[in-house]
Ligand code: HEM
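Okay, here we've got a single chain as structure tokens, the form predicted alone, with questions on binding and movement later.
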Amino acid sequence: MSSQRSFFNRRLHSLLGVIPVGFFLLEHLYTNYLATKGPQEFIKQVEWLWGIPFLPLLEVFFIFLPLLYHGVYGLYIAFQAKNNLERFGTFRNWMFVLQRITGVITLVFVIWHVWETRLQVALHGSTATELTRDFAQIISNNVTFTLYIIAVLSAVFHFCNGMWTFLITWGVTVGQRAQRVSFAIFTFLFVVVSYLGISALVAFSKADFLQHLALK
């Protein structure tokens, strides 16, 4: 692969990780967080999203294809990368390695999650209520719940650390001070967004969540 083509692919990979993949992650976690307010709030948001005009086309061209490119090319970068932890055990080297590891975990999780949710809806024509019930049943399993916790933390870390490096790569944060401020901001964002994601999982896993759903 020529250096010019490699440069273009890496920049496109970086850009797609922010827009639209990063935006979709934040929106998805926010939607899930509404489950903390009760199943009906989550269902209402899902039904609103499903009512967006031309949703299948938007999902294919603005979510799935960008996500596929970002994930597959990210795997190529991960397996081509030369990690120097043994010689250069610096903080940034560790973050570099964690970025690759969490990227692989996130890609595997997304494939699994899409199969369990979105594809099942498409194959069986499930309603938003049925989707909510099915997901709550999935999360009620302790093993699955733990795997989802790991996956959410991995996805959020991958996004936040990726945003930090994105701003450096694109020349937004050039100096060390700007990079330190940016790192502090995205560390705070990691904590906040992780809280949203984990809170949603806890809400879905509660025994009375399905009971409230059954009463509606």
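Quick caveat: nothing in here was measured; it's all calculated off a predicted structure. Residue numbers run from 1 along the displayed sequence.
Absent from the display: the form predicted in complex with the named molecule. The rest refers to it.
With the site C-alphas superposed, the named molecule from its pose in the predicted bound form keeps every atom more than 2.4 Å from the backbone and C-beta atoms of the shown form; the site is open. Residues with any non-hydrogen atom within 4.5 angstroms of the named molecule in the predicted bound form fall in just one of 128-136, 142-150, 95-103, 115-123: 95-103.
Contact between Val21 and the named molecule in the predicted bound form is found at the 4.5 Å heavy atom cutoff.
In the predicted bound form, the named molecule lies farther than 4.5 Å from every heavy atom of Thr31. Taking non-hydrogen atoms only, Leu49 never approaches the named molecule to within 4.5 angstroms in the predicted bound form.
When the named molecule is considered in the predicted bound form, Thr36 lies well away from it, no heavy atom lying within 4.5 Å.
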